[in-house]
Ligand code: 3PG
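Quick heads-up: it's one chain on its own, the form predicted on its own, in structure tokens.
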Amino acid sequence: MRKVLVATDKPFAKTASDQIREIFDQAGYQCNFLEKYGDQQNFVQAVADAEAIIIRSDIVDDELMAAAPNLKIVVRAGAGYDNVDLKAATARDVVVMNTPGQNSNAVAELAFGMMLYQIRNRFSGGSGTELMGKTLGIHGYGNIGKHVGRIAKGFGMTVYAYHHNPARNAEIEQDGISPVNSPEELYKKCQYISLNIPAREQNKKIINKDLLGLMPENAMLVNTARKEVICEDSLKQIFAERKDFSYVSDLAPGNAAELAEYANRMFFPPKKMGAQTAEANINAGLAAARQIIAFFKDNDIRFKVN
């Protein structure tokens, strides 16, 4: 009998947990849950006989994998996977997967919620502005970017997108969005920029003062990606130099304390919340369970990231 551990310090919703358990029961797998475990060592101690692990934002490092000699696959229920040591997993012949697209709409809707909150003076009653007729640039046209574009068109915005692979331009055009050929062109054209790029090594700190300085008057950067893609020194500089610049994100920048004087032009919640909807919670958890079964049954590695 295959043994699966669902390790979530921040648990899935009960509906999701019940359905995950049901999927594994039907497949004849043993599924154990480790929830709200607190200390990482409690996670390490629980993996001894696990062949598969489902996580959310939980840390899977070399120490943990060393404690799980039977481990074959780790699935991160969500899009980002920087909480998994991919190099160590590859060295130990452990497949790592994510569940792309399952939380994309939740993240995209949040981006617009934060935009509206900021441009309407944080719902304080003062006069604000509207999104209709404004320009939005999508930096990274993946699953989330597609939803951002769909919603932006519903608001009546003019939408541009940049993807590092020019082969995606045909898809962008099919979605009724105008592709551009460089980040510089995107930032120069657009008052609003939605960041939808992963925190891969080549993307770290690529959003810098040079790019942000190209944006038109009353610029707003919307970051539902990762803080690592922002050069935080540049963020501080652009705030100081441009009183028309604002920044909204679903996670705090590392230098948030240094930016306190710009609090009226910046918003972020206490914890990252892009995927925190009931629907995304359920979708990602069930996808993770099904991917594990497909991996063991058919050697399906479509969503492998290492």
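Being a predicted model, the structure only gives us computed values, none of them experimental. The first residue of the shown sequence is 1; numbering continues from there.
What follows is about the form predicted in complex with the ligand, which we do not show.
- Checking H163, K189, R226, K236 for any heavy atom within 4.5 Å of the ligand in the predicted complex turns up a single hit: R226.
- For the residues I193, V74, A77, A152, the 4.5 Å heavy atom test against the ligand in the predicted complex is passed only by A77.
- Within 4.5 Å of some heavy atom of the ligand in the predicted complex lies at least one heavy atom of K10.
- Of the heavy atoms in R242, none are within 4.5 Å of the ligand in the predicted complex.
- Taking the partner from the other structure, the ligand in the predicted complex has a heavy atom within 4.5 Å of a heavy atom of R56.
- In the predicted complex, A275 approaches the ligand with a heavy atom inside 4.5 Å.
- Heavy atoms within 4.5 Å of the ligand in the predicted complex are found in exactly one of 152-160, 178-186, 77-85, 203-211, that being 77-85.
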